[in-house]
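One chain comes next, on its own, written out as structure tokens in the form predicted alone.
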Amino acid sequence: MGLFSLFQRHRTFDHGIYPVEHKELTADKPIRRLPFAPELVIPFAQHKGEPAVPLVKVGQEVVRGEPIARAEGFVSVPMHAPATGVIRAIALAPSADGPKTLAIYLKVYHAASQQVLYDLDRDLDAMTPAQIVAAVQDAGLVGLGGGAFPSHVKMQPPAGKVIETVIVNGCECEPYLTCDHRIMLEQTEALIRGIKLALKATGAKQAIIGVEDNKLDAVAHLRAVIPKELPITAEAVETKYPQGAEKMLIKSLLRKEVPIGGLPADVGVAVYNVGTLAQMGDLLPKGRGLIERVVTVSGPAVSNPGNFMVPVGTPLRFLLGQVGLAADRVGEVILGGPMMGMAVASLDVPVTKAVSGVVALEREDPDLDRRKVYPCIKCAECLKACPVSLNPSMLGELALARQYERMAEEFNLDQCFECGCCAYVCPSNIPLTQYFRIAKSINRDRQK
């Protein structure tokens, strides 16, 4: 492979933005393990769909990897014990969303070996597509890019839809985050095994790994190790936010557009995050469940940023304490990336399956704490930035007028996936993304 093939102009989508990346803080930091927290908090609702249902009771001892909650229906996943210990309580716990949610409090036995003692060897070659789908659900796998949609559901497209291509999302377009980058470099065998499982389960004929061109080392590594006989390719796409959004990546790689209100399956595509497929390739052969994930911990308020294998349920307070959080300087802690992530009100919130990053930001200059919001000046910068070609300026004015239904009916509010591009470029400091999030929430409540 010549240098030209790596450094040519790469595929992309229309619009978008180029935020400062800050990935140099952790891009070269290998994945490491940290000590177990004294207590883990495992919410039943860590995914889209119905919350899991407890299988354990207070006072019960569990071993690492043991199922502790079952799936409630098809659009749901089970939970597994991230550590060997005893169930201290089943009670409400703080969440990133705000309202408290029911969770299992697991007191960790630090004298235990913490080996995964609950597993079941499987012959992957002998498994049928239906058995793979069931095994993926049993493993508790969800989208690890942040969406947390149950992975097995994507493997069964709606009736009449045929999956032709599996797209493996390795873009990681959010600033600060580098966990997917490290997974592609360090967990390549598991990733390829997971891609083969996704191809078999969906019936797709090919898989394309899409990687932003700020990670060309990952592209070169993947191309070097993917067996030639497999229908898997690694392709570089332009480094631009939000390249990692499903619709954007499909447009960049295949030049196909998902219809308004449609799904990737409508254009014959299933999209999976690299972390999801790496876990699939690691867990399914052993019959194990998802109990930990790779998390980037970074930001200016952290003295030892890095990429860490973190047990599900680890409280943020413990995790940040391990990496040198400067408590006197921290202003906000964000779960995920700074563009689409959510600031938490409490450091007692646990790491869940959906958490790909924890970013600790310093306090802003006091003069900037409450940036003044000015009227829209009709500059059209938000229109140029919007990756789905909405009119954020008009939507913002309708939001101020509380015309939420009109926003959806006439201006396609539901097509907004809250990427934050419009708010990022707005010279008037209008919090457009927050306006749209509130409007969509109100419309959903009205429909209920």
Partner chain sequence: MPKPIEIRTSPHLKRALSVDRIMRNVVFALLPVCAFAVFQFGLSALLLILTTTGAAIATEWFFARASGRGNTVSDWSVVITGILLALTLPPGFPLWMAAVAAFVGVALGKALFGGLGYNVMNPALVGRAFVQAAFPVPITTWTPAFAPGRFTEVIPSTFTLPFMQPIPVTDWIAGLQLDAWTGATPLALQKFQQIEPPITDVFTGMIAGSAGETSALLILICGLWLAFKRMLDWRIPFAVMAGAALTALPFWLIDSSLYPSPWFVLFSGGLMLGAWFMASDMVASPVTTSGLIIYGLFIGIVTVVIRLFGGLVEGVMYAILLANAAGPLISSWTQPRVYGAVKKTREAE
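This one's a predicted model, so the numbers in the text were calculated from it and none came from an experiment. Numbering follows the first chain given and starts at 1.
One more form of this protein, predicted together with its partner chain, exists but is not displayed; see below.
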**Request:** Check whether T12 has any heavy atom within 4.5 Å of a heavy atom of its partner chain in the model of the complex, and answer yes or no.
**Result:** no
**Request:** Please check if K372 has a heavy atom lying within 4.5 Å of any heavy atom of its partner chain in the model of the complex.
**Result:** yes
**Prompt:** Within a 4.5 Å heavy atom cut-off, is C426 in contact with its partner chain in the model of the complex?
**Reply:** yes
**Prompt:** Would S393 show up as a contact with its partner chain in the model of the complex if we use heavy atoms at 4.5 Å?
**Reply:** yes
**Item:** All of I90, T101 and T128 within 4.5 Å of its partner chain in the model of the complex, heavy atom check
**Value:** no
**Request:** Have a look at E186, E332, D282, D217 for me and say which one sits with a heavy atom within 4.5 Å of its partner chain in the model of the complex.
**Result:** E332
**Message:** Counting any non-hydrogen atom inside 4.5 Å, which residue from A27, L383, A45, V56 sits next to its partner chain in the model of the complex?
**Reply:** L383
**Prompt:** Counting only heavy atoms and a 4.5 Å cutoff, which of 188-196, 244-252, 79-87, 118-126 contacts its partner chain in the model of the complex?
**Reply:** 244-252
**Message:** Using a 4.5 Å heavy atom cutoff, which residues in 401-418 contact its partner chain in the model of the complex? It's fine if the answer is none.
**Reply:** F411, N412, Q415
